[in-house]
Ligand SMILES: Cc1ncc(COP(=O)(O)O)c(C=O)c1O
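Consider the single chain below, provided in structure tokens and representing the form predicted alone.
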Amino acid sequence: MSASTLSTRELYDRYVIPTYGRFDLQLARGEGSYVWDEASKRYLDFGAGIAVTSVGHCHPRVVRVMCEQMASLVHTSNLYYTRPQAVLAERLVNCVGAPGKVFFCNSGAEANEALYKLARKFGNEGEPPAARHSVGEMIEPCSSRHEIITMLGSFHGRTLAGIAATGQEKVKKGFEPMVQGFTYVPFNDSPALLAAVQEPGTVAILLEPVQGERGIYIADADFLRQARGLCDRHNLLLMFDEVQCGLGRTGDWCGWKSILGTDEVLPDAISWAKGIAGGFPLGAIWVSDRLVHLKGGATLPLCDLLGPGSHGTTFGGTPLVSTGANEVLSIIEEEGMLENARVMGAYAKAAIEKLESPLIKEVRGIGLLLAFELADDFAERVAVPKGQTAALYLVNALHEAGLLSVPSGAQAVRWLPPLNVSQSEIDEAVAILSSVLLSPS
């Protein structure tokens, strides 16, 4: 078969299903915090594949170990034991700092699917507490606990259950009827969470410690404590979606620990993906070893509830991708990237605020998970073309100036640089942003 004479864009237009609203950039290579397009134009990459390339593009240590593993063993399926996966599981359990076990998959959406199934299994086979209508008034336990409470503004993936779990109507349109079993409450609203938990049939609470896709909204420490307390009192699972905020992005291995500053809150399960393998497709969940009392009277650790035949994946945790993930996590630890995320994140946030641009309403963030909200009248001030959001307009302008950023909704722009980003690179990004804001059209 001869090489195509069509351009990359033409090949996409002809052969790739248009599920993405892609920017008109044809990227060809990357190194560190930079990428180059097919015309050799260089861009500072503050999107990092949407918080994925956590140690930058083509880190030499990752390239080396992946090449070595490719020459040794790439794939066997999960019918067999392979050491890279086992070592990675141990490392992830240590990142949480509490006993438990890990399941590997291929993406954040798949990791969250595993959480939904864990909750359903827990609801169907675990012994529920008696529900209360009011203080002192008992009723029979609900026979089918399966309702999961999630947050308005959340994002949990694009599978059918993922969009049902997501607290945003825009992802649901055209895919009705929704998968049943999800209830939504406002983020950081403890009274609303309490009211929802009291509904019969509730089995779990699922939340992102930092809502990323919405535009970087951080959970209040007290909200996380309230959620843990409610789950303890009602025998529910507390599950954290750390797909975007986990494994270093906030300056800690666990995003919720960056918020609380302590280990006082421990979830029952966590989902990860994105930065876990620095660009290779990998997702995972951690499940605690808390004991589950089964309806038949037996007990077993929660992390053993999904037993043989209950869940699976062909590609999850291959020797190749596990080797890459082990090296990525080693690099983050050995090269001081957790501290760098904390320090450089605070520096970047302060630098954007120092611009004092009337076009920026607010800067939010924790570690290197940052967003700036554009002014309510941004579209009017800069004459944004009809049908284009303020965020999309600004991101395109930043692209023209050589900076990759990620839009969040209609009014916010995310910065998600590699965890080893330098101060000079942040200064470069802020200078580009400043120049674009001064002459946005």
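Numbers for residues come from their place in the sequence shown, where the first is 1. As the structure is a computational prediction, the values presented were derived from the model and not from experiment.
Although it is not shown, the form predicted together with the named molecule is what the next lines describe.
- The stretch among 330-338, 109-117, 250-258, 310-318 whose residues place heavy atoms within 4.5 Å of the named molecule in the predicted complex is 109-117.
- Here is the short version: of Gln244, Thr202, Thr150, Ser322, the single residue with a heavy atom within 4.5 Å of the named molecule in the predicted complex is Gln244.
- Among the residues Phe104, Trp286, Phe155, Phe122, the one placing a heavy atom within 4.5 Å of the named molecule in the predicted complex is Phe155.
- When the named molecule is considered in the predicted complex, Arg145 lies well away from it, no heavy atom lying within 4.5 Å.
- None of the heavy atoms of Asp268 is located within 4.5 Å of the named molecule in the predicted complex.
- Along 274-295, a single residue, Lys274, places a heavy atom within 4.5 Å of the named molecule in the predicted complex.
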